[in-house]
Structures are given as C-alpha cells and as structure tokens.
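Just the one chain here, laid out as structure tokens, in the form predicted alone.
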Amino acid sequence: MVGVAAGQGALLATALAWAGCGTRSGVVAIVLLGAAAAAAARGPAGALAYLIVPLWVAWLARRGRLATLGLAGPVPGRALLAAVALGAFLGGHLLVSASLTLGVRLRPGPGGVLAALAYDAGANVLAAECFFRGALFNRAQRRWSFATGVVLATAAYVVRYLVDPLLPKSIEWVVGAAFYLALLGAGNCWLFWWSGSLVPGGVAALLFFAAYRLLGTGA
C-alpha cells in the first residue's frame, strides 16, 4: 500500500508542479500520502489519515494556487447533477454486471469499504483527477483539441489502472476495468471542459469507486 500511495503522490506532485506550485508542494503531497499509507497499514481507522490530503489541497485552492487545475471559484450545480448521474450509472451498472456475469458478492461489513473510500478520496481519485484531467487533459485540449485531449488523458488513465498491482488480473476484470474506466475518464474530461471545474469529475469518480469497493476486490 505504501508503494501505491507513492505512485499517487508522484501523480499529485506532477499536477501541482504543472499548476506552478513548485517543488515544495510536491514534496508535501508525497510526504502526506506516505504518512497516511503508513497509518492505514496499522488498521482501517488509520486510513482516515488520507483525508488530510484533500484538506491540504483545498487550502492551496483557497489561496488561488490551483486555478489552472480547475480548483477555483464556484462549481455549477448542473455539472454536479451530471456528475452524480454519471458516477451512479457506471457504478450501478458495474455492480449488476459483476454480480450477474462474474458471480461477485458484495463485501460484508462497512469497515473495509470506509477505509477504501478514505483512500479514494485522499489519494486515488484526488491524484488521478488532478493529473489526468486538471493537468494532462487541460493542457492537451488547449494546445490541440478537445478530442485529442480526451483520447490522450483517457488512454493514460486506463493504462494507470491496468498496471496497478491491486487490480485482479483475470481477463474478465482487465477488460471490464478498461471499459468502465474509459467511459469514466472520457465523461470526466467532458465534465471538466463543460464546467471548468475539477470537482464534478471527482464526484463522479468517487461514486463509481464506491460501487467498486462494495465488490471487495483490490484496495
């Protein structure tokens, strides 16, 4: 888990560097994620330490340092509603599909799910949205075109999860992951382009991963 958190820290640090925050902010991001991973290794309650990271990112945003990542100003209400619809639809479809085709049952008990969600909120989703949408997609669509930005950011997003050692490596899971993450990634690019904010995509991703965590696979 510490190694995975280090990877998330690298993504977040890169996004912060592209936003002009400097090396110091990147180091802080890596240190906070490493400390949270160490705390999480001690037990499910320790995973709550991951929530420090989005609080710190919110502090940077309030100081106006993350505007280029889409973390500044109000968030359009319609974009949030669209994000909830996207995340709930993909997450619900995943649950139904996995139960019917793979026979996967829901994870019993809330402890592991809540710990995984804290990890998602403070590391997994936060780092991915900041880097793949706020930094990579935003730069690509400004330099080339919306379509090019979507293809580049979404392809990189899917590859990031396919090489994740925590993803089950059966062909069914790999193909399914590529399918759902491609839809989520492209949808979040559109949400970012439409709203100008990184928040709606984060909401959609958190809802999707909440459904994934209920399956009890990976971490």
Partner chain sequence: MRRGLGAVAALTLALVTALIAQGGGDPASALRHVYLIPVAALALAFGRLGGTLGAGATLVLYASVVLPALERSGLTPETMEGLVTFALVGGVGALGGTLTTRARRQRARYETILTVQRALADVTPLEAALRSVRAVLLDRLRAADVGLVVRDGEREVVVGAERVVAGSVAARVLAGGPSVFVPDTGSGRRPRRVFATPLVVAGQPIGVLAVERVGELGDEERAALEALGAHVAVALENARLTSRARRFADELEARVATATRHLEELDRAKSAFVAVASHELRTPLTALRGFSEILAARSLAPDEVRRMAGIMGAEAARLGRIVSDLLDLSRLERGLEPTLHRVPVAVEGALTATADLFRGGAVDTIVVDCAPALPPADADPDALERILANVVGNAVKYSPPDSEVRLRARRAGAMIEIEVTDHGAGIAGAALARIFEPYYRAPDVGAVRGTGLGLAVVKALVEAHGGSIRIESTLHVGTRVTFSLPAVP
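Numbering follows the first chain given and starts at 1. These figures come from a predicted structure and were not determined experimentally.
Keep in mind the form predicted together with the partner chain is missing from the figure; the text below concerns it.
- For the candidate set V27, L51, L183, A156, a heavy atom within 4.5 Å of the partner chain in the predicted complex is found for exactly one residue, namely L183.
- Distance criterion of 4.5 Å from any heavy atom to the partner chain in the predicted complex singles out A72 from the list L114, L106, L80, A72.
- Taken together, the three residues L100, S145 and G196 all come within 4.5 Å of the partner chain in the predicted complex, as judged by their closest heavy atom.
- Only one of 175-183, 35-43, 161-169, 57-65 places residue heavy atoms within 4.5 angstroms of the partner chain in the predicted complex, namely 175-183.
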